[in-house]
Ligand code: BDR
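The chain that follows stands alone, in the form predicted alone, written as structure tokens.
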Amino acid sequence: MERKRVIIDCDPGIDDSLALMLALSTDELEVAGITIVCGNGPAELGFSNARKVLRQMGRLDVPVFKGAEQPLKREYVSALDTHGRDALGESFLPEVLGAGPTENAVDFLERELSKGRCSVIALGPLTNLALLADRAPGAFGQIEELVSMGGNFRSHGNCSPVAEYNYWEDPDAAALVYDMAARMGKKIHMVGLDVTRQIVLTPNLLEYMKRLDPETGEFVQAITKFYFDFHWEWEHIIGCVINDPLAVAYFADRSLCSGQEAYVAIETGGISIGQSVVDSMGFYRKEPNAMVLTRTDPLRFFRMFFGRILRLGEDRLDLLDTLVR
């Protein structure tokens, strides 16, 4: 089996942390490094949280690089109200000792992508990738595949009526990245709210995880409790939407999601700031620069998610058929 080399650009973050757990447990992927961008929390918190996940997974060999601490133009607005004061569900897990790599995330991206045959899964705002595209378009052009958890098409936004948080947080970066993809003839795989809203970790699923693997289940419970409470208070969901793991699962298995190719532009100002405008009808007469995902299979996702992070075979996961709806 040929493993896909990938850099994960993220802002951990509760669901980013779950996505990292999935990526590190997926044999089809070789995680070359993790780059951190400000988003759910400041970059320093994201850097710390990524290393906490690596310690939990026994993978402190994977390097983590801190990147952008501010959006390109607008003022930084964190999502600590959603992810907790430590951006990891107020689990306040002990820090990982040691400084870690000092190379800047964008420098690492340029160096690693210039070697070729490497993809990027972007789970947060696209600031690091925009900085890369502006400074080293050749390295940006070397990205084999770019999967971005962000945006929305038919689904409403999650931080405004029309915008998803990652693109709203740094719309100028998202606009630059999508524009660069269009100019280079590339297609971004947009794993947006249309599909991620269907991936809900419920109390029953979490309890099942704890029964199957108490150590992993308790870690997931510790970092998601705040998220459960937030979703109940604001969306009256019993459970929590875990957006980012679907982007990793889709990268590993493209049959998990489907959609349509379209030209996508990101609004950078006004009442619709951060909106991903999907030209599904071809009004702009422009070549598609995105694969916009609109359909997924939650049961198949959870079978992958549980099977990989718990290292269990399909025969141990039959109860998922009744727990996932």
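Computed from a predicted structure; not experimentally measured. One rule holds for the numbers: they count along the sequence shown, beginning at 1.
Note that the form predicted together with the ligand isn't included here; everything after this is about it.
All three of D15, L123 and E164 touching the ligand in the predicted bound form at 4.5 Å, heavy atom to heavy atom? Per the other structure, all of D15, L123 and E164 touch the ligand.
Using 4.5 Å between non-hydrogen atoms, is S119 touching the ligand in the predicted bound form? No.
Against the ligand in the predicted bound form, would A175 count as a contact residue? Criterion: heavy atoms within 4.5 Å. No, A175 sits far enough from the ligand in the predicted bound form that none of its heavy atoms falls within 4.5 Å.
Spell out, yes or no, whether the shortest heavy atom distance between N40 and the ligand in the predicted bound form is within 4.5 Å. Residue-level check for N40: yes, a contact with the ligand.
Wondering, does D244 line up within 4.5 Å of the ligand in the predicted bound form on heavy atoms? Because a heavy atom of D244 falls inside 4.5 Å of the ligand in the predicted bound form, the answer is yes.
Just to confirm the contact call: exactly one of 179 to 187, 198 to 206, 236 to 244, 136 to 144 touches the ligand in the predicted bound form at a 4.5 Å heavy atom cutoff, so which is it? That would be 236 to 244.
Listed residue that, although the ligand is not shown, lies within 4.5 Å of it in the predicted bound form (heavy atoms), from I223, M149, A249, L109: Residue within 4.5 Å of the partner: M149.
Do any residues of 57 to 92 have a non-hydrogen atom within 4.5 angstroms of the ligand in the predicted bound form? If so, which ones, in sequence order? The stretch touches the partner through H83 alone.
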